[in-house]
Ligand code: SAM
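The data below hold one chain only, encoded as structure tokens and taken in the form predicted alone.
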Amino acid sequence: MKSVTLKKSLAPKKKFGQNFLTSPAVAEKIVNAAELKATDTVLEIGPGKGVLTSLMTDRCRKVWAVEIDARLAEALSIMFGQSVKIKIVNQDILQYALDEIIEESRSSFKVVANLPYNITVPILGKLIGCRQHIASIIVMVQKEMADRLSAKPGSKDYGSLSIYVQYYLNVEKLFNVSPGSFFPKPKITSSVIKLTPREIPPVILEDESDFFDFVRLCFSQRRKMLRSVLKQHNEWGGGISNRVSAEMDLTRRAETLNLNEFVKLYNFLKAEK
């Protein structure tokens, strides 16, 4: 299928963070990475001018294309006509309930998208919230964001976001995409990543929300020793007993702890409250 021709009325809108993918070669690589089968249902977030959509409808059972921009949603509806293989939804993905897709996908669905960079984290949070229904996520994000999502302890990109996402998802960086592959050209390089929901988290937490709040606190002053950061907060500093100090080296900085070590420290401090 042909992509929507860019007209003046379909020019990118800054408020939606639109940078349209224009490279057929990159689009092909992204769709190939999704390894679509004829039985797959796909959620596409922000289809734009339909470059990815067009390829995917030829390879899978159905594409649910959720587009916030009414102009583009209308253009895509005209482009794909009454095809039963595509559903155009003119909605904000952050407000759109995924119940219909979950019900129709029969088992699990895949996500493929060139994500709006300004709302990447909220979108990932929404997908994590229904991860039990998702088989895989192939998304294009800022390279800086991809580095943060995939970062390991000890690196400058490692932080609370790395721990949060890696707790729920396996993260794999696939390839970078140059600014010249978009219109308008962004000022940064992009990266395509693959996120696969974990069947079982690497560690079990009784209160995930409280744990991630704790991790964010630890990273709030990442150049300081953990002891100094925690002692500024009565909720956690009061739990630093001799036993905790003997078990954990609190002269370390947050960026050096892996997930298991954060869980160990969290559990120790909770027990000492």
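Keep in mind that this is a model prediction, so the values were computed, not measured. Numbers for residues come from their place in the sequence shown, where the first is 1.
One more form of this protein, predicted in complex with this ligand, exists but is not displayed; see below.
Quick one: does L10 come within 4.5 Å of this ligand in the predicted complex, counting heavy atoms only?
-> Contact check for L10: no, nothing within 4.5 Å of this ligand in the predicted complex.
N176: touches this ligand in the predicted complex, heavy atom cutoff 4.5 angstroms = Outside the cut-off, so no.
Taking heavy atoms and a 4.5 Å cut-off, does L124 contact this ligand in the predicted complex?
-> No - in the predicted complex, heavy atoms of L124 and this ligand never come within 4.5 Å of each other.
Wondering, does T189 line up within 4.5 Å of this ligand in the predicted complex on heavy atoms?
-> So T189 does not count as contacting this ligand.
Segment that reaches this ligand in the predicted complex - one of 63-71, 33-41, 201-209, 223-231, heavy atoms within 4.5 Å = Going through the listed ranges, the match is 63-71.
Considering this ligand in the predicted complex, which of I163, V141, I119, I101 comes within 4.5 Å of it through any heavy atom?
-> Contact residue from the list: I119.
Heavy atom within 4.5 Å of this ligand in the predicted complex - the one residue of L115, V171, M79, I134 that qualifies | Looking at the other structure, the residue within range turns out to be L115.
Counting only heavy atoms, which residues in 77-101 are within 4.5 Å of this ligand in the predicted complex?
-> If the 4.5 Å heavy-atom criterion is applied to this ligand in the predicted complex, 77-101 yields Q91, D92, I93.
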